[in-house]
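Only one chain comes next, encoded as structure tokens, the form predicted alone.
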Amino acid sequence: MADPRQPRTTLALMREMGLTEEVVARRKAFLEFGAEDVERLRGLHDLAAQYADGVIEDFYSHLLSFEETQKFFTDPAILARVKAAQKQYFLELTQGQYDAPYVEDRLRIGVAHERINLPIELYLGAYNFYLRTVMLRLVEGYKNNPEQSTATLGSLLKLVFLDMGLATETYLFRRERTIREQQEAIREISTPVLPLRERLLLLPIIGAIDPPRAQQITTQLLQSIRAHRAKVVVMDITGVPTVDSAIANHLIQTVQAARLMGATVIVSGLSPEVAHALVRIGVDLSAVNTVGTLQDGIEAAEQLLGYIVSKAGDTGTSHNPAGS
């Protein structure tokens, strides 16, 4: 059951990452984090509250002594806010509840670091300093009971490594998703389907075509044919450096799929080098309508649609006597 304290966006992120209660329980078991550790950390809470402000000040003094991390905290208001959040994080280490809301808080840390583009090596380095500072305070607080100090430190290390795993995984998950979204956006920009005139589309393809992009080209084209009720498409591949047999066969399948939707595809810009290579590897282009240049492709498409193009000053301009 969802905890009402958890923002829906972070709950969705937990689902995307597959962080179910069972998964988190397995991670705790792998770290051997159990009931005894929970009790030791609970017993540390009062001492943690006593030293919290000092630990946080030491931590941020260290961060602000380096240019790489200093630039993230130039605004005093932001610095005050992150100090307060870090103090809350520190006190939550010993509050004794390490269930879904606790995990959600740790994911939020990873999201925050990815959002400000903090390099992961600085993030892990900061964790190292933070942990060492806490350890010194812990040893000082338990100086009369070294055995208890060692046991409590062990429990703290288990929890911190759980935290680091969750926050780092979130950071990487979000970064990979951001990269995927950027790549998809670039593909969409680099493969536009442009309506030239009624029922006529232009698909200029520039750059290398890998299997994911080939699939995207097909999907975008078929969707555009339906949306614009297109009858003819000019697919220009002048800007494609190489076409291997796999990509050529995919383009042929795209042409066939468009035909099933009632549209004719004219492929323009097939270079002599690419044409020769395709013939050499045995790709059959007999079922594909090909022309040399984009201009030839547009003219052929207009003829198929019944358009007549005349020069300025003649009896008329471009029109379609056959209608649409």
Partner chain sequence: MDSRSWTSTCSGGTHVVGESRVPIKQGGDIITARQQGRALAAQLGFSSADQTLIATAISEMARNILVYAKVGEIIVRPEHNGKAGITIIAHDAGPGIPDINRAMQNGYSTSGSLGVGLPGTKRIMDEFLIVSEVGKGTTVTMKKWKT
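In this text, the rigid core denotes the largest set of C-alpha atoms whose superposition between the two forms falls within 1.5 Å. Remember, it's a predicted structure, so these values are computed and weren't measured experimentally. Positions refer to the first chain, counted from 1.
Omitted here: the form predicted together with the partner chain. The next part is about that form.
Student: Quick check for you: of 282-290, 61-69, 45-53, 23-31, which stretch puts a non-hydrogen atom within 4.5 Å of the partner chain in the predicted bound form?
Tutor: Going by heavy atoms within 4.5 Å, the stretch is 282-290.
Student: Taking the partner chain in the predicted bound form as the reference, which of Ile247, Leu202, Val134, Ile217 has a non-hydrogen atom within 4.5 Å?
Tutor: Answer to the contact question: Ile247.
Student: Which pick from Glu140, Asp99, Glu176, Asp75 sits with a heavy atom within 4.5 Å of the partner chain in the predicted bound form?
Tutor: Going through each option in turn, the one that passes is Glu176.
Student: Please run the contact check for Asp210 against the partner chain in the predicted bound form: heavy atoms, 4.5 angstroms, yes or no?
Tutor: Asp210: yes, in contact with the partner chain in the predicted bound form.
Student: Decide whether Leu294 counts as a contact residue for the partner chain in the predicted bound form under a heavy atom distance cut-off of 4.5 Å.
Tutor: Flag for Leu294 set to no.
Student: Would Arg180 sit within 4.5 Å of the partner chain in the predicted bound form, counting heavy atoms only?
Tutor: Flag for Arg180 set to yes.
Student: Is Arg259 one of the residues lying within 4.5 Å of the partner chain in the predicted bound form, judged by heavy atom distances?
Tutor: Result no; Arg259 lies far from the partner chain in the predicted bound form.
Student: On a rigid core superposition, would Ser271 pass a 2 Å threshold for CA movement between the shown form and the other one?
Tutor: Yes; that C-alpha moves by at least 2 Å between the shown form and the other one.
Student: Is there a C-alpha shift of 2 Å or more at Ala85 between the shown form and the other one once the rigid core is superposed?
Tutor: After core superposition, the C-alpha of Ala85 moves less than 2 Å between the shown form and the other one.
Student: Using a superposition on the rigid core, decide whether the Cα position of Arg26 changes by 2 angstroms or more between the shown form and the other one.
Tutor: No, the C-alpha moves less than 2 Å.
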